[in-house]
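For reference, the chain that follows is the form predicted on its own, supplied as structure tokens.
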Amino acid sequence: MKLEKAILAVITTDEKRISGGAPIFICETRKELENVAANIEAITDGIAHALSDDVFIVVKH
């Protein structure tokens, strides 16, 4: 099975703004947020996108 066009993860520092079916990673700082997004991006071969200062998503196009 090949996964295409999906949100693989949500990474945030503000857990009150997030809910849903994708895996959610809660971080304490902006630096941790960026590091976690970059690692998940590399591991999943996805692309990280910043939706706001405190929310990133990793998607597969």
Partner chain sequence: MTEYTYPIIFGVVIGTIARLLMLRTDYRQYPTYLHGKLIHVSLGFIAASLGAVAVPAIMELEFTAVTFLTVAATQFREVRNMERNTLTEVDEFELVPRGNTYIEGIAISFESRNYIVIFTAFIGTLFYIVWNVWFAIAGTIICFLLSKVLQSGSTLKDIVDIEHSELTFEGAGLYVDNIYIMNIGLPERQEEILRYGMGFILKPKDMNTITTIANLGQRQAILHDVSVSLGVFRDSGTPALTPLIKRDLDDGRIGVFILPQVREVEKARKIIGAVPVLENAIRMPSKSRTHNKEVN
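Please read all numbers here as calculations on a predicted model, not as lab measurements. Residue numbers count along the first chain shown, from 1.
What follows is about the form predicted in complex with the partner chain, which we do not show.
K.L.:
Using heavy atoms and a 4.5 Å limit, would one call residue 24 a contact residue for the partner chain in the predicted bound form?
P.N.:
No, residue 24 stays farther than 4.5 Å from the partner chain in the predicted bound form.
K.L.:
Does the partner chain get within 4.5 angstroms of any non-hydrogen atom of residue 10 in the predicted bound form?
P.N.:
Judged by the heavy-atom cut-off of 4.5 Å, residue 10 is well away from the partner chain in the predicted bound form.
K.L.:
Flag residue 18 as yes or no: does it have a non-hydrogen atom within 4.5 angstroms of any non-hydrogen atom of the partner chain in the predicted bound form?
P.N.:
No, residue 18 sits far enough from the partner chain in the predicted bound form that none of its heavy atoms falls within 4.5 Å.
K.L.:
Using a 4.5 Å heavy atom cut-off, state whether residue 45 contacts the partner chain in the predicted bound form.
P.N.:
It does: once the partner chain is placed as it appears in the predicted bound form, residue 45 has a heavy atom within 4.5 Å of it.
K.L.:
Considering only 38 to 61, what residues come within 4.5 Å of the partner chain in the predicted bound form, judged by heavy atoms?
P.N.:
Read in sequence order, the residues that approach the partner chain (within 4.5 Å, in the predicted bound form) are 38, 41, 45, 46, 47, 48, 49, 50, 56.
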